[in-house]
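Given next are two forms of a protein chain, the same chain in both, each as structure tokens and marked structure 1 or structure 2.
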Structure 1
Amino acid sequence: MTSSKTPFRGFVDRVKAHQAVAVATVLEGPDGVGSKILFDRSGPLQGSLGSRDLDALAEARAKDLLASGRSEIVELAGHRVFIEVHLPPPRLVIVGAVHIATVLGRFARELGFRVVVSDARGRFATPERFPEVDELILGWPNEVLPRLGLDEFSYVVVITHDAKLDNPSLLAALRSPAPYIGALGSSRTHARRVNALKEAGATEKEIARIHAPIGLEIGARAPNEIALAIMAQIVAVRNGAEGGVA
């Protein structure tokens, strides 16, 4: 837990970096008022509330609060402690700078998602076509996706409809904790994709995480409708109503 920064500065830096983080501060108690300790999901990062026992109590409570996304004031060993929690906004990672992606990105931003669009094809991945996304990345998916650090706040949509781009993207996503992975294509296309992914080393359990055909079944045909169906499915998964049932 050594650092030249204060726990509060570390908290601010991690908020800016879109990371899940919590800082505990002693508000009242027999000693240590104003002391702070910083946590992420793995445990303490820097600082102390004044004793190992109090730090351990704060860590246990911070882990619970990080799981729920709540901040609260708690009583710990005779101390009144405020545990402030920050969870990053959800992030939509779109592989494939196709027309559906432009609409999907707009829907996602309206719902509070950060939007990342990536494609290896320079004629598609242009600022003119995607002026409002948070990140536009030109590069091959097997290089780009590992750099993005896909986490439990990342939702991945693979829509290039090109196996040499889609399959490496899916392999990278399947080996991450991303809660949603969707891939565009018919049932026949997905069957071919499954065989290719197995040959590349993906397990059946990993492959079962892919939503394909992608999106809720709403009879979507036009690109705007397909984007709506995809975003609806992502929201359903995020809210624990994966089948679209409230």
Structure 2
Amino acid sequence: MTSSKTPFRGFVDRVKAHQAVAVATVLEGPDGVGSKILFDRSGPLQGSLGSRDLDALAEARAKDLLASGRSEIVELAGHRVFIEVHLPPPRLVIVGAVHIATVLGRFARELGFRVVVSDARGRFATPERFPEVDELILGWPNEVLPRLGLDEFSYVVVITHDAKLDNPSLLAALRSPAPYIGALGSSRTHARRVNALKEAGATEKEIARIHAPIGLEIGARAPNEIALAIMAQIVAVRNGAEGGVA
């Protein structure tokens, strides 16, 4: 146990810092209703539910829930305890600071994503065009993408309209566990891209991870419609849904 912070303050600080955290709160029980204890993956941080035994029971469950990302009520020694788990927010990585990216970034932020936009072209990747993104990175994809630490919370959209930039971006994304990799372009463009990626060493299985043509089929034509189609597809993938009509 460290510091004099309350567990809720510690929870908020970790949520803000994009760190995984769990807070347990006694909802019902013979005593301690409302008391809290905070955990991260390594153990307790602040607070107590009132007894060491109860704290230890909560710790075991909190660690399980941190692994699964779920929040739920558990029964612990006659107490009903809510364990709330907070994992880092999903991150949308957009390669290609094109017009679609400006709209896509806004949609993504509205849906709770952190947004990173990258482009090698300084005329495109300007703060004026992207005032709201969390990170704007000027650089070549083969240098920028490995540096981003793409993980299971990263969703990658490649929309530079330039194979010289798109293909290295896709190769880097395919080497990561990112749950979504999408690439803009027609079926014909994608067929050419598939050949280039194969020549660069990507396997069929890896290439099959790429969503292309990108986006759900909503008849999108205008850039904002295309951004909506892409974002809808990302949400569907994140929710494990097909993305068809309900």
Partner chain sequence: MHDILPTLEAWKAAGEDVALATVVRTVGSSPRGVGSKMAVTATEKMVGSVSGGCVEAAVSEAALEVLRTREPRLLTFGVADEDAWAVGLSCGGTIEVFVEPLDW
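Superpose the two forms; the largest set of C-alphas matching within 1.5 Å is the rigid core. Keep in mind that what you see is a predicted model, and the values were worked out from it rather than measured. Numbering runs along the sequence of structure 1, starting at 1.
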Output row: form predicted alone located in structure 1
With one rigid part turning against another between structure 1 and structure 2, at which of Val26, Pro88, Ile207, Ile137 does the hinge fall?
Pro88
Rotation (°) of the smaller rigid part relative to the larger between structure 1 and structure 2?
47
Between structure 1 and structure 2, C-alpha offset at Phe11 (rigid core aligned, Å):
9.6
